[in-house]
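Below, in structure tokens: the form predicted alone, a single chain.
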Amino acid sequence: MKPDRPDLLVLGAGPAGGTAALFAARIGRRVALLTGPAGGSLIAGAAEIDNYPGLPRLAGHDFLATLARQCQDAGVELAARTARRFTVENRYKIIEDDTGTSWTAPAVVIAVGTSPLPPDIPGLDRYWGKGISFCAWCDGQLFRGRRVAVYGGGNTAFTSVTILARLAAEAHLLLPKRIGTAFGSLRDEVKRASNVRIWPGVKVEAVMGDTALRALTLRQDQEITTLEVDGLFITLGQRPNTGFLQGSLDLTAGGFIRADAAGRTDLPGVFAAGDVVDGSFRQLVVACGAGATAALSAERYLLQQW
């Protein structure tokens, strides 16, 4: 059931959105949380989280389920809806969801996250969280002493392979083009790593394994190679889930939301947190902190303006 005009409307039930909703509810605000599509948060695919301070290892979906229970216990109204349209009327923020229902609140926190740009590789879906990851910072530790590959050619790809080179026995950088587009200093650092092999102009044709990823089929020019690996990190970019905000908020050319350190956007009463924010460090602990910050900024706004 839709609540009567909440004080705060939160979009996205990932780490940032869930934390924002929890913080606001725990200080007595009426909060509605539109969770977005099932499994929409990237952290849901993490087989194991082991880099959150003070938190024992657990799977990404367990983390999100725990956060959702905390929100419910604090009085947050959770709705399995996805934002489709955003407008402002008489200072009220109005969100129309995918069922055509309109939600109205004086303040909103946007934490809708991003969607990775996955390559078209047969069998890819079978090994998400079972050897295939989007985040070397998050999951690199799981592959200590093993064989890994990074697929991509930008700054994230080169940074990822430098991290993995410290942990893995061997690391392979699979460049979709002949040369990478990363900063020169990153390219030089990768070249200095003795356990990194660079594959220029290569395409991942297929992934293979049993209960987990075991090998890749690569095409380089006309030659087909089977590369045995335990992990594949895909770093081909991410797309922010902000299509419904076009023309309403200040977005970058890539669709990320411009927000200050307090989570404030260019519209009063509209805050943003997490991966969807331009320049954000896309890490779990950072997203949670940003969500808390956005909630506290929203509380300050409500006290001063309403």
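These numbers come from a predicted model, not from an experiment. Just so we're on the same page, rigid core means the largest C-alpha set that superposes within 1.5 Å between forms. Just count from 1 along the sequence shown to find any residue number.
Below, we refer to the form predicted together with a small molecule, which is not included among the displayed structures.
- prompt: Does Gln70 reach the small molecule in the predicted bound form if we count a contact as any heavy atom within 4.5 Å?
  reply: So Gln70 does not count as contacting the small molecule.
query: Wondering, does Leu34 line up within 4.5 Å of the small molecule in the predicted bound form on heavy atoms?
result: Taking the distances in the predicted bound form, the answer for Leu34 is yes, it comes within 4.5 Å of the small molecule.
query: Is there any non-hydrogen atom of Thr82 lying within 4.5 Å of the small molecule in the predicted bound form?
result: Yes, Thr82 sits close enough to the small molecule in the predicted bound form that at least one of its heavy atoms falls within 4.5 Å.
- prompt: Is there a non-hydrogen atom of Val112 within 4.5 angstroms of a non-hydrogen atom of the small molecule in the predicted bound form?
  reply: Yes.
task: For the three residues Leu8, Ala105 and Gln305, verify that every one has a non-hydrogen atom within 4.5 Å of the small molecule in the predicted bound form; reply yes or no.
output: Not a single residue of the candidate spot has a heavy atom within 4.5 Å of the small molecule in the predicted bound form.
task: Could you tell me which of 172-180, 132-140, 205-213, 190-198 sits within 4.5 Å of the small molecule in the predicted bound form, going by non-hydrogen atoms?
output: Single hit among the candidates: 132-140.
task: With both forms fitted on the core, give yes or no for whether the Cα of Gln141 moves by 2 angstroms or more between the shown form and the other one.
output: Result for Gln141: yes, a 2 Å-plus shift.
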